[in-house]
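A single chain comes next, written as structure tokens; it is the form predicted alone.
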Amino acid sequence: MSTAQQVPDILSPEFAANPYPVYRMMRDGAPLIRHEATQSWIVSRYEDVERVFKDRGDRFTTENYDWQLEPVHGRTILQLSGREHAVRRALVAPAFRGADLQERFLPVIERNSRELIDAFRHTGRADLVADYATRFPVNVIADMLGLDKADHDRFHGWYTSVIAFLGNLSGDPEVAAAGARTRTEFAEYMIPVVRERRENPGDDLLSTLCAAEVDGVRMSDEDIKAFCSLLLAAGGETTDKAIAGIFANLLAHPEQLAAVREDRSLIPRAFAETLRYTPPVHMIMRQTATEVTLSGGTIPAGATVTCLIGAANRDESRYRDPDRFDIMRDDLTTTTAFSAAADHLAFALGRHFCVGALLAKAEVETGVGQLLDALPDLRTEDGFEVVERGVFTRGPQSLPVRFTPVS
């Protein structure tokens, strides 16, 4: 086992500015670090993170979410295990795959993307983060749930507060207090809507959740509120950063951008490679149920384990030339990249694999395709250099572009 002093700390400015060289140092010489500030054990190698994620709960649990998620969301599906988890997942999963996704919600995705693009397509310039990526997934989720999109700024503010709480590795009390306020505010907003939708169901996702039943089990008002809170935060933040990341990566590699523009079937490849190369979520925590030995040493029972997705996804023992963005690489399987059989780690793996992965795929494929249609001759503003921000989640802070206006 190595100590945190041997590599730059994950709370340091150096790490925040560019974590990837630090990740390499960790993988090479400090694959297991005891990090005192966060009271956790940091793992960075692909084989170790994969093992943690694929565990069925015998060695690694999600009990850490009791303190990490519940204060802002309430009790969510991520905290459950065994039959309780299986039933809850069966209640919510159908809406995010198959016919429901394609027939009910793909038109919602297409319409929301088009509305945002129509606001700037004639101007010849836009910030793909501020004008599109940060708004698109939140609008889609609000529309799917049958909520008022006029409340977009409130939704965005809430999920930003939630993400800040989750990434509050330094324990800032103001961030913690803001997260607690968000839980109260969101409940005051959402619970009355849930109760009204039970009385007057519609053709929206919220009504579907209210009516869903598996083996005689239905979701309570609190269950539904907690899931919607999780959906807005996880679905908004990750898709926002994924779309911005795809364009940042493609604009930095013009030949690959040209290939995707010419052949739209390459969009899933560009998405999968972005999830590997610059994942929206850089770390996910688990808790040990027993003493466990990983690369570099042994972790005691009851310890928090910080899995560095951003490090594992660039592990040279798993990917050739891992610091190179290449949508045509043959060591990343695109056909399984959005399923629990993925060989990148951006959506986690195993029983807690992201339930919204196919929704994210549909949003990204639609959004990237429509943006490429609407923005010919796309290029970054002269002299602009992409700056990523974030430690827990990470992505371009802004992405100003220019293009030839098309009516």
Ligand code: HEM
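Since the structure is predicted, the reported quantities are computational estimates derived from the model, not experimental observations. Throughout, we count residues from 1 along the sequence that is shown.
The same protein has a further form, the form predicted together with ligand HEM, not shown here; the description that follows concerns it.
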Exercise. So in the predicted complex, does any heavy atom of R286 sit within 4.5 Å of ligand HEM?
Worked result: yes
Problem set entry | Non-hydrogen atom contact L275 with ligand HEM in the predicted complex at 4.5 angstroms | yes
Exercise. How about C354: is it within 4.5 Å of ligand HEM in the predicted complex, going by heavy atoms?
Worked result: yes
Exercise. Though only this chain appears here, would A346 touch ligand HEM in the predicted complex if you measure heavy atom gaps against 4.5 Å?
Worked result: yes
Problem set entry | Option touching ligand HEM, based on a heavy atom within 4.5 Å in the predicted complex, out of M219, L231, M190, V129 | L231
Exercise. Which of these residues, F96, F136, Y319, F155, gets a heavy atom within 4.5 Å of ligand HEM in the predicted complex?
Worked result: F96
For this session: Look at the candidate spot formed by F227, T239 and L359 and say whether ligand HEM comes within 4.5 Å of a heavy atom in all three of them in the predicted complex.
Result: yes
Problem set entry | Per-stretch contact check against ligand HEM in the predicted complex, the hit in 191-199, 322-330, 231-239, 300-308 (non-hydrogen atom, 4.5 angstroms) | 231-239
Problem set entry | Residues within stretch 121-145 having a non-hydrogen atom within 4.5 Å of ligand HEM in the predicted complex | I141
